[in-house]
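The chain that follows stands alone, in the form predicted on its own, written as structure tokens.
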Amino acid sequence: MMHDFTLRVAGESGEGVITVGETVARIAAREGLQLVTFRTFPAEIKGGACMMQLRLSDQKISYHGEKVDCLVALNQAALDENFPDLKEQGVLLCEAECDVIEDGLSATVYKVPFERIAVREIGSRISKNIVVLGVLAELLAIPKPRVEEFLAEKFAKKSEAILDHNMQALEKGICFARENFSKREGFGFPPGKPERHLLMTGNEAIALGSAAAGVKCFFGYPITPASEIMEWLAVHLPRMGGKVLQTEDEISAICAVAGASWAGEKAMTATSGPGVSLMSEALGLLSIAEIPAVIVDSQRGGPSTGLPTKTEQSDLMLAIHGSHGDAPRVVIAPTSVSECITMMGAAFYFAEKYQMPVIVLVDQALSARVETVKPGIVEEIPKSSRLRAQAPAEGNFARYKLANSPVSPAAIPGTDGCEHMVTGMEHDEFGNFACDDETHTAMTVKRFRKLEEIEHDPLTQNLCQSIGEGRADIGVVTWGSSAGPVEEAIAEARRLGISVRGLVPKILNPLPHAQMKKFFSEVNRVIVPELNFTGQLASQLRATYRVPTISLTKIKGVPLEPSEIVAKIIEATDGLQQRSARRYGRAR
């Protein structure tokens, strides 16, 4: 039996909401628990609504939870916004001045003067979040030594007076809860396990995976929600012999990546949708010049500046088609923080082996998500290398030689006997400009044949997750961070007796055709849940496989919820039954 618990802390930016959530998360990881989080924060520099949700479990989980067991609301606005998500038998901790209509309410309500305790008893309003942490520690039976240990680490570089100040705030919160809360049997942390887990965000995992895959050069320009990738690498990559440079804009970043990669180094950048738009011309250069490159796109709400701190999956078409001319590239999408590590290895594998750009699609929710990761996961990263050229015995070096393989050996600049032209113009085998139709056709076919080979690459066969086996009435196909809620929705639909299974392609260009075709042949209706308005993956599936799809789209800046997907599955099931009934009636 799985034991899990979902906590949400909500308030205003600057009140320490994220600090409380991250502290509980790190303690839970040290206690051997699995966890997944979700957070929202405002686009404003100061103020605005902020929330962090944590789901803790004694077993592996893939979603941050829908309804919450415990809600901490630090002001009235946070209470009004988040109270509908509290479970019927849940617990509400709210600021003492908040108005709560308790008539007919099945949840337990504790009003706590967080701010008064911080200001009057500690003498500092900024200690409010530590008071909250103390209250939660007592309510959830979090071992006090664990909290003190974490605070000691957090404030290790501060003065002893600051540490003592926060320890007092923690004690005040614990004492208040001990004196005012009734005991709740079975309410609190799930029982942990002896092992400890690594804990990191999606962006940290992307950076770690890149470093483990051997990246030597990172060029980027800060942009929400991808900036932390560059920040992590700026600290750690130079220690590994690499280089990080903040460029003046995204165009400079992708051009620097092209130059470093052409010179023989593994190179990458990270940005969001607006940055990928600016990079589209250089993506064409990388394609025609057959230069490896990895580009991470942490998607946010759009278009234009749009919703810079909210999540969306609306860059799929941009990633696949965003360049003038026919410019092939690989597009992959991890579904979890753990996969952010291993899929960065896959990105460099495809980029280096097939000498082409690879775009890694994540989103704000996955970039900012904190999740437990098993130690040693970097050992699962595939090795990547580029086919190196040697000087020909006679004649000139043909950098883009037309042969059985579409991948030609690449020469490091300065290699004797391997001199050649590199240009964004169409070219012949030696890199010389050629604008005749025969050469252009041959070279375009060469570049696109790489996608055909990637489709049959052994690594590609592992980049498609099946949820369930055999025939089913309903099939659900999704991608990226939407995989977690889809997995839970399918489990719930099965408990309701519905015949349903799912498929999550983690490589989106080229699609894993063999697995996709097999899946479509074994289901009667296909639902495609995704976080965009136009149903971009659904459109891609209809165009590629001529299969009718039912789109489930959402653009509210937050992830899909399992209940939304279950409702769509039920609706599709009812439609199938009605269609069968009509056919049966006509047959009679």
Partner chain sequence: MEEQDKFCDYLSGVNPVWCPGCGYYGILGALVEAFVDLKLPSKELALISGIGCASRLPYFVKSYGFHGIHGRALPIAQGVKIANPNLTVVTVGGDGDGLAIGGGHFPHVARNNVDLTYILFNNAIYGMTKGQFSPTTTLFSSTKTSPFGLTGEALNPSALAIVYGASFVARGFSVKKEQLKDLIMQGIRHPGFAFIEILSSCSSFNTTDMNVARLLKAIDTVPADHDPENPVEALRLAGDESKIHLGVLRRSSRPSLEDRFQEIEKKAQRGKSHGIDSLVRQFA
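Positions refer to the first chain, counted from 1. From a predicted model like this one, the values you see are computed outputs, not experimental measurements.
Absent from the display: the form predicted together with its partner chain. The rest refers to it.
The stretch among 93-101, 131-139, 251-259, 110-118 whose residues place heavy atoms within 4.5 Å of its partner chain in the predicted complex is 251-259.
Though the partner is left out of this view, Lys401 does not reach within 4.5 Å of its partner chain in the predicted complex, counting heavy atoms only. Contact annotation for Pro274: none of its heavy atoms lies within 4.5 Å of its partner chain in the predicted complex. For the chain shown alone, Tyr349 is not a contact residue for its partner chain in the predicted complex, no non-hydrogen atom being within 4.5 angstroms. At the 4.5 Å threshold, heavy atoms of Asp437 stay clear of its partner chain in the predicted complex, well away from it.
Only one of Thr415, Ser408, Gln168, Gln515 comes within 4.5 Å of its partner chain in the predicted complex through a heavy atom, and that residue is Thr415. Checking Leu459, Met421, Leu496, Ala152 for any heavy atom within 4.5 Å of its partner chain in the predicted complex turns up a single hit: Met421. Contacts of stretch 503-532 with its partner chain in the predicted complex, defined by any heavy atom lying within 4.5 Å, are made by none of its residues.
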